[in-house]
Every structure is written in C-alpha cells, then in structure tokens.
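Only one chain is included here, represented as structure tokens and corresponding to the form predicted alone.
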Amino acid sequence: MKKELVERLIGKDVKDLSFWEEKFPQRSAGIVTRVAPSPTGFMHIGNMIAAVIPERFAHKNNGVFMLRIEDTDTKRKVDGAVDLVISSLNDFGIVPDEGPVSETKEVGNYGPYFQSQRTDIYKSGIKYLLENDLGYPCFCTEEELDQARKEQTALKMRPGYYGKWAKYRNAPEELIEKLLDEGKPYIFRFRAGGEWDKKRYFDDVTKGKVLMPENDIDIVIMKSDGLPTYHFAHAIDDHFMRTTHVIRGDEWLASLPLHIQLFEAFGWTPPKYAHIAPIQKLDDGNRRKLSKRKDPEANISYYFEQGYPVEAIKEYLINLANSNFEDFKKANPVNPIENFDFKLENLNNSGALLDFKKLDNISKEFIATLSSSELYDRLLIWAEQYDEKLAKKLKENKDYIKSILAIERDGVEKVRKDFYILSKINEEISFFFNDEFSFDKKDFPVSEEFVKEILNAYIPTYNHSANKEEWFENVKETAAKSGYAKNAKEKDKDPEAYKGTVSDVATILRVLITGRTQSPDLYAIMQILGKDETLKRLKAGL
C-alpha cells in the first residue's frame, strides 16, 4: 500500500516499529513471563493459577514476572476490577516485578502496562502491516457480516472472514480512497497467509507438538474505536515486553496458529506457549469446567470468605498445576514452596479436578504450623472482614481465646489438626462459652442410670489442682470401682463382668464438659473452664 494512503488511514505521525525496538531493548533476564487478566469482574481461581505458575516459573529461574492489564474491551470493563486484581495477587504473595501497583501507578521500563495506554505502539504495528500488504482496512457493515454468516451457515461452512467472504481483502486502493472520501467507517484486518486445508505442527511446552490447521481467517486487529483486539495486542505486547513464555488457559490453544502467524508476519520470534487445562469439578458424577456463573468456588474470594489461609490456597493451586509437587511436599514437609523446582513440562495436561478434601487437608496441615498467637491474629483479621460478631468476641476475650487455641498446639510435639478453615473455628470452640454450650443425653454411651452412678462416684473425688497424669489416674480408678473395664480387650474377655470401659466413662465426662463425643485434650479444657464451671457442668448430668 502506498505511503500516502497508509498515512491517511493510520495518521502521519505514527512511528516506525524500529522506534519501539530501540525503546524496549532485549532483556538480560533469560525468562520473562506475565499474567494478563482483563478487568471484567471478580478474580477467577483459574486466573490465580495463571498467575501462580508464571510467577513461580520466572522467579525460580531468576527471571522477570509482569502484570499486564488487558483492558481494551471497554464494554466489559468493571470499575475497581484493576485494584481487585492487584490486591488479590498481593494477598497471595504474588508480587510482579513490573506492572501496575494501582490504577494510576506502575513500575518497570517496558510499559505502559495497560493495553488501553499503548495505542501508539499498536498503530506502529498496523502501519507496518499496511505498508507490507499484510493488513488492510475493512468497510463491511454489521449487516453485511451477518449476511455472510447466514450464507456460511446455510452452506455448512466455517464462519469467518475468509475466501470469497473477505470482501475487502483485495480491494484496490482507488476504492479504499473513494470510501474514505465518503466518510465510511472502517476497521483493520490482518491478511492471513495460511490455508485451512493445510496442517502444521505447533510446539506447546505442556502438550508437545500439536497438529493444527493453518489460519486463513482475516481477523480484526484494530476496531473502529482505535483499540486493538486481543489477538493483535498480545503479539505486539509480548514482543516489546520481551516475553519468553506465555502461560495461559487451553481455551486459547485453537488460536495458536493465528498467533504464531502474527509473529511471523512481523518477522519476530514468538514466545514459547504453554497451555494449561481448566479446573474441573464433579457434577452428578460427570466432570465439567468450573463455571463463573454457576459455581461460587470459581471466585477466589469464596476461599477467603471460608477462611482458607492464603498459603494453603497457593500450595493447593501449585499442587493442581504441577504433577510432581505432591511428591516434593511429602519428601520436604517443612520446605517452603518457593524451593520447589517448578517445571512447565510437568504442568497438569488433563484438567485438574477441584478437590476440597485435598484443599482442606493442606489447609489443616498449614494451620497446624501456627502458634496460638499467630492463629488468633489471623482469626481476628478474618473476622473483622467477614464476621463482625466474632471479631467483637475475639477482642473482648483475647487471652481466654488464646488459651483455648493453645490446647494441643503450643509446646507440644503432636499438634492438633481439627481446624481447617477459619470460619469453622468459632463453632469448634463455642462450648467454652456458657451461652453457646449445651449437651444432649443421647450422646451418653450408657444409660442415664449408669451416668449418675459414675458422676456420684467421680465428682467428690475431682481435684482441679491435680496434674494431667493424676487426673486421668483418678478417672480410671473411678471407672474400675464402678464396674468398668480398663480397656476394650479386658471387657471382651468377660463381657458380662463389666458395664463398659474406661473410655465410656471419659466420654460421659466429655459430653458433659464439651457437649461433644470428641474434643481436644479434656484435661486442658477443664483447666481453662476453671473448677467452678467444670463442676457445674458435671453436676448437670445428675
């Protein structure tokens, strides 16, 4: 296309690509990755995996990890979504080396990192394509495009702007000038060089060599509002930001031939692509992709609201993404995930299944590493955001609740592992508060008659000052005097000789003290409740 027409279409002051090549030189870092979300609402758990993986891969290899905001779809942009993206990444300890740190501030020398602010760079790309007959203006109306789609559907052809339906692909410059004189609106399209009937192997880091048809569709690369489409913008951005690895969902795999074609049109070396399968869930026994609309667990905020520690969620996401992480964790239970040798070749290639049992277990194991003070602080932070009533309770009973959380936690070798999410802790410790405590006689392992018999024997002997060993010895002695076996084996030898076992006696005490058949260390619970409250609860069984 002649220079004068190019300038009329795109403007006279558009810089050559060489300007941007000089402005954004090749980096010294061997690995450069990015996460590039669109500010269209909440952070999907898939977005977070798409951030965790490139961040770990880059930083494990002393590389650069960027955040880029792909905000060219103005119709879907949601106010506040950029800050949500940034805060979500920060919550996960995922701190980009470059990119926005707020709606108005960014760090790094390869920006702007908002696509909406990179129009000058995109125009340079359009200019190059026009000058080299690799792009052209298209004046098709929506009605014309709709009519073409109807014809293609009727003929059972692929939809798209190609072949005889690419109306302005070979339009003479005289016609283009005439339409410009008439003030006809236009967009820019890429002149595809592929043939649909031909197939070619494309390299994917996770999937290996993939055989796919060449691209023959002349896609839109810049809209009438002057903003680029995703396909075009990502190629320009990844080249000038010097991205070496693009890690993204495999819904983009079908676009790989087009994207490689775009890089080749500019004479650029494309980055390495790694496509990751989407997270799936079981629905009536069938696996399906996690849905933004149907599944609350698709929203990363769901996990925060439930009270999963960020560290546990992050570990779980890496576990979903990298097939050998679980073996690493088993061999290195206290080794931080930052030391895991993250490899793109080991990315899950079949679609990880969302497994809350595994997440709960990871969360439980992490919470078990916290001291009572650390757990209290986390619980308070969570409650201040999600449970105002609990936050008030925590503040008013700080030392008391810390002592509760310390049971089988502080200073012990085998830490309790009954807490797996913060939202359940209040329920787990509720029996420590009189207005929340109750018990059900149905939970007694023996008849009420035997319960009263045990209590009449035990209560007079209860010594709140006794140590744990002395206390338990007294329970066993009371049980034996009341006709209960020391253990199940003893009772099995002569079932008729015993009313039950010492564990039945302990269960009676546990139900009366906690309202539950299972609880943490009963002795520690009684010590925290105090002598008067302990005896009050025991006597309630008489």
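All residue numbers refer to positions in the sequence shown, first residue = 1. All values derive from a computational prediction rather than experimental measurement.
Only in words, not in the display: the form predicted together with glutamic acid (GLU), which the text now covers.
Partner contact region in the model of the complex: 34-42, out of 493-501, 507-515, 476-484, 34-42, criterion any non-hydrogen atom within 4.5 Å of glutamic acid (GLU). In summary, among the residues 240, 230, 439, 471, the only one with a non-hydrogen atom within 4.5 Å of glutamic acid (GLU) in the model of the complex is 230. Of the candidates 186, 376, 303, 252, 252 is the one whose heavy atoms come within 4.5 Å of glutamic acid (GLU) in the model of the complex; the others do not. Proximity of residue 222 to glutamic acid (GLU) in the model of the complex: non-hydrogen atoms within 4.5 Å are absent; the residue sits far from the partner.
The closest heavy atom approach of residue 248 to glutamic acid (GLU) in the model of the complex falls within 4.5 Å. Residues from 461-478 do not approach glutamic acid (GLU) in the model of the complex: none has a non-hydrogen atom within 4.5 Å of it.
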